[in-house]
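Just the one chain here, laid out as structure tokens, in the form predicted alone.
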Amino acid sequence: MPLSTQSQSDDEQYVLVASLDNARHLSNILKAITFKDHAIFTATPNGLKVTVEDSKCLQANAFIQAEIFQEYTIKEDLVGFQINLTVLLDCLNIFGGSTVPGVSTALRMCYRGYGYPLTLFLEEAGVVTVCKINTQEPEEPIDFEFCSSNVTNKVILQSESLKEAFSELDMTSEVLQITMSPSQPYFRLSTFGNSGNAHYDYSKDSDMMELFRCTKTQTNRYKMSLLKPSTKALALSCKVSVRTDGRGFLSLQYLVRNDDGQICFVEYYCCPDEEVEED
């Protein structure tokens, strides 16, 4: 493909080069975290991490492993920049994001370093388009201090079952209440909307439950407005891990498998709206 015939001297000026045969694999994952215009890109030898934040209440991270790219070259231990995510997605879909079998947009993404734009070479059916997107110095992402050693409760569900729950709960509710407990109701989602209170319960033995590990009873409420962006990731995913720590902070980790069977992860962190006292 023409994109791979760029001269070696071109490559030497870049600190980061990443190529994909199908740009849709990247745009799909980025859409799952697009709820604000700006994103922080952090590249390491392991791959790309893209972070989007809302105030200090919500953070979404997309992890795209180096192996997913047909070519991934990085010349520094860490390469970071901030970019307008909406503009990036517009460029990735410049050919209309074709879903015709056998037709895909090839992508070569290059970055020369601090102060330089992110350059995209996109090719479809022999036509190459070059996009240059301004970058900014990345802000330091919020550290939610969510670490596995502080996780009190964790369940892994098949995504289909969580989609079903959201379709039955009242999304006019301002909050989603999550109860996780070693005893009944085990894992319960509750809403308090215009049509009254609604609960959706999962037994720890449910076929939809792949892992159930709860050490204490916790009930927390989370603003629905903060959780709604994560439904984009849910729609793409096949499994979801729901974790809470001792402070009631919520981690939703979605396992997303692309058309080629490769796996990426999207993670959302959300701070609790309020703690609910158990009777």
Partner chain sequence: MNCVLDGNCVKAFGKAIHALSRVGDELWLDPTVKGLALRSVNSAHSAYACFLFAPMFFHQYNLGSALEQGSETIKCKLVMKSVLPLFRCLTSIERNVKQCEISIGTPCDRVMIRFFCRHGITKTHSVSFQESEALQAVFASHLCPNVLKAPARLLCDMVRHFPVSQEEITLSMSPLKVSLRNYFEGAKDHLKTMYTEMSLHPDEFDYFQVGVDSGITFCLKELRGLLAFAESHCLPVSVHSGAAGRPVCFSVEDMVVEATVVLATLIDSESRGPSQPTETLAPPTPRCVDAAALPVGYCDAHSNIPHDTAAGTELVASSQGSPIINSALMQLLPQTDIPNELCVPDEACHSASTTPASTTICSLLFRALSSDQDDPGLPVLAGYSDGEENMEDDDYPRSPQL
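Only a predicted model underlies this, so the values are computations on that prediction, with no experimental measurement involved. Positions refer to the first chain, counted from 1.
We do not show the form predicted in complex with its partner chain, though everything after this point is about it.
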Among 81-89, 104-112, 200-208, 173-181, the stretch whose residues bring a heavy atom within 4.5 Å of its partner chain in the predicted bound form is 200-208
Answer key, its partner chain contact in the predicted bound form at 4.5 Å (heavy atoms) among E76, E139, E168, E71: the residue is E168
From T129, S195, N134, N150: within 4.5 Å of its partner chain in the predicted bound form by heavy atoms is S195
Worksheet item: Is the gap between E164 and its partner chain in the predicted bound form 4.5 Å or less for some heavy atom pair?
Response: yes
